[in-house]
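Only one chain is shown below, in structure tokens, and it's the form predicted alone.
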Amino acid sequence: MNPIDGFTNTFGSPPTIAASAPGRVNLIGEHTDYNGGAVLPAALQRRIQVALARQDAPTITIKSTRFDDLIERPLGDAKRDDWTDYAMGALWKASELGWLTGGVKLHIESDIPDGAGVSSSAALITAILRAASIVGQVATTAVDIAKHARAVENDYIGMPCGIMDQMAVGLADHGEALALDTSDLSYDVIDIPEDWGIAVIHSGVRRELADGRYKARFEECQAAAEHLKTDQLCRLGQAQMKALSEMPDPLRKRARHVMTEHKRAVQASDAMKTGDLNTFAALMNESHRSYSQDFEASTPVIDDLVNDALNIGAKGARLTGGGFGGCIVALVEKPKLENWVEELLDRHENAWRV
């Protein structure tokens, strides 16, 4: 069923507009986006689709194919710490911008898994803002929508994320990666080489960014930046590098991760452009070691999954997303990919392919 038919079946009349956005997997560049660094996410084939229309009642009525209930919330409702907050936040921002005002009926269809670190929240917010901009007949850009979507996460949800996810789901399509410099939002869309097999494997451990650990890492990075007197922790000068070596842990380790991760993301973008699979894979492996040991955002289950991924033939593998569960991303020679996936999942009964 497409979102237009779903909306019509739910509400008894067709929607005004439908829109969609893909999920994303971050190939390399974790926690660099709010530290002024480079990232390299790629769009997934999985998408969130939304359809909406205004309604006279001063309420937001939400139906998702993931859940049985039809949910109603009043206009301007504060965050409730449930999944509908992301839809409410997007509609709050659309209203603030003057794109879409009053009550709204919203239908959501998605095959992006929640809590997997593949940006289901950014995709939902972006899809709703895309739809609202069309309803409001607003001349806007994908970058502007990404900025507004980030504001929803920061200001309504209370998640201090960077802008990587919103840019990735707004600017890249399936089969493409986005080489993004978050310091100035310059970017390059890169075609992923056809002979590269990229697999996203869910560990079976659901991650929740709202549980405080992501925010704790954000705050540690902020503290390290203040200590070093910089607003771009990824880009340290010579004097700051000397001060970094004298900084106490865990701040030193957090800063070391984002600084080296920025360099890896830049090098990985160059390797993808030239089709250098081995260099790209080596950078992925270095990234996971840094993410696990310096940023301390991995888990034993994730580390075991990464190790097995490499042992059975992946060239590179790493934890992807905000950390503390969710997915790994692996780079495998494409002819070997399907057999590799089957063997890895046989070894990890709780894991599944995204």
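So that there is no doubt, residue numbering starts at 1 and follows the sequence shown. Model, not experiment: these values are computed from the prediction.
One more form of this protein should be noted, the form predicted together with a small molecule, which is absent from this view; the next part is about it.
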Exactly one of 172, 104, 164, 268 has a non-hydrogen atom within 4.5 Å of the small molecule in the predicted complex; which residue is it? 164
So which of 41, 321, 37, 316 gets a non-hydrogen atom within 4.5 Å of the small molecule in the predicted complex? 321
At the 4.5 Å heavy atom threshold, is residue 241 in contact with the small molecule in the predicted complex? no
If we define contact as a non-hydrogen atom of the residue within 4.5 angstroms of the partner, is residue 325 a contact of the small molecule in the predicted complex? no
How about residue 214 - does it come within 4.5 Å of the small molecule in the predicted complex, if we only consider non-hydrogen atoms? yes
Does at least one non-hydrogen atom of residue 142 fall within 4.5 angstroms of the small molecule in the predicted complex? no
Within 4.5 Å of the small molecule in the predicted complex, do we find a heavy atom from each of 197, 282 and 286? no
I need the one stretch from 325 to 333, 302 to 310, 50 to 58, 23 to 31 whose residues put non-hydrogen atoms within 4.5 angstroms of the small molecule in the predicted complex. 23 to 31
